[in-house]
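Below, in structure tokens: the form predicted alone, a single chain.
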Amino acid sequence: MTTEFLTELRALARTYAEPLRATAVALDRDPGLFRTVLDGALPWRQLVGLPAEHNPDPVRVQGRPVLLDTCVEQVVVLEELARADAGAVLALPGPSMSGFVIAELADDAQRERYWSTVAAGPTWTFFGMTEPTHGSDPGSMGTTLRPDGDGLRLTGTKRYVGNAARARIGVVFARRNAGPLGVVAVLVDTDRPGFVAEPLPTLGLRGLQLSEIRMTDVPVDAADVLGRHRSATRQGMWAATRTFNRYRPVVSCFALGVAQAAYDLVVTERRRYRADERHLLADWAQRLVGTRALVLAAARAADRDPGDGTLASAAKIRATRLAEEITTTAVRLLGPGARWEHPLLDKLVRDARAFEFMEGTGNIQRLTLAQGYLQGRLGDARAA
């Protein structure tokens, strides 16, 4: 993909962002309003990464269809949408993270079942990994998949799962045997008996509607187990790791969009600056450009080799840190009443903090980055 192609794609995405910018504050106050956004000018079907057979009218750039099925296309488009409202972007229906698992593990029948459900209309999905007391540690995972007669039963609790309370289908990670290789991914319809998902109260990214899933003896067939035709080393945690590596550049672009939005707000609202403040704004402008280049490099690396998360972790560290710094310092630059006088800034401050905890905290990313550095995976890139 050439620079000219990506520049045109970014400009097109900026036009799609306008409806989200207009509803950002209202949606933050009431996430239930999101359906009015879908019923309006936002072409969600073209922006969520549906495969070609379910997306007959894709976005076109330079005459070429853009399906948003690469990490590079996703970070370019989604950063512009997040610059308008990151919470609304994360609230979009569609495959999100579970789509990556389907791409890695599903057989033909599972793939058809998943995509025909997701593409039938505005349909939300979920990715159930994190647990209340163990986070995403596979060694301590408490959710189990046990035999029961001719079938299987799924039992456990997942927390901080985006869109789960409004999802129709999704992926749950569960332990079938001891050890990390005993973790499998299961394709689950949310209308099965024993499956309950409820939204959690949150301060940031409220449109995402983070949820808790409680599963009590949910009936599962062998045909629901993803990757069952593969070896144990190419099933649950293998796919989860590759999904994280592909999604972290996307999380980074969300954080970058929030950082850019806070910068834009300061430049729009503040007319005069002291010398040190002018230097600060110039520094932010340079770092936004540099971080954008790193996120794009991480996306290219993820498309090339989803098994290597080194640059993805570097991008997430840098973008998350920049979003928190610009949003919190913007409050000081716009005065003591800034968060009351500018509701959008108040929302950006709360949204920025959420990215630290999304798909691995900074400490987890630093461990991955250090391992990549020691194994020589960074090449000419510099550590974040």
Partner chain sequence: MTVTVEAPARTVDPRRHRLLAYTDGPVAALTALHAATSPDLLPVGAGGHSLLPAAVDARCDRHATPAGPRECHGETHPVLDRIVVGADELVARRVTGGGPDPATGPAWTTGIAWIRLGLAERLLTAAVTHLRGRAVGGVTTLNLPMVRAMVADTAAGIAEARALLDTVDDGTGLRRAHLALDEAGRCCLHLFGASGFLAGGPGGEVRVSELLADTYPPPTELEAP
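Residue numbers count along the first chain shown, from 1. Computed from a predicted model, the values in this text were never measured in an experiment.
Just so it is clear, the following notes concern the form predicted in complex with its partner chain, a form of the same protein that is not shown.
Proximity to its partner chain in the predicted bound form, taken as a non-hydrogen atom within 4.5 angstroms, holds for one residue of T216, T202, T123, T241, which is T202. Only one of L33, L67, A338, L344 lies close to its partner chain in the predicted bound form, with a heavy atom inside 4.5 Å, and it is A338. Only one segment in the set 167-175, 80-88, 298-306, 129-137 has any non-hydrogen atom within 4.5 angstroms of its partner chain in the predicted bound form, and it is 129-137. Annotation: in the predicted bound form, residues V331, R350 and F357 each come within 4.5 Å of its partner chain through at least one heavy atom. Looking at W284, you'd find every heavy atom of it more than 4.5 angstroms from its partner chain in the predicted bound form. Interface membership of N363, defined by any non-hydrogen atom within 4.5 Å of its partner chain in the predicted bound form, is confirmed. A residue is said to contact a partner when one of its heavy atoms sits within 4.5 Å of a partner heavy atom; L367 meets this definition for its partner chain in the predicted bound form. By the criterion of a heavy atom within 4.5 Å, F195 is excluded from the residues contacting its partner chain in the predicted bound form. Residues of 155-170 that come within 4.5 Å of its partner chain in the predicted bound form, judged by any heavy atom, reduce to Y160 alone.
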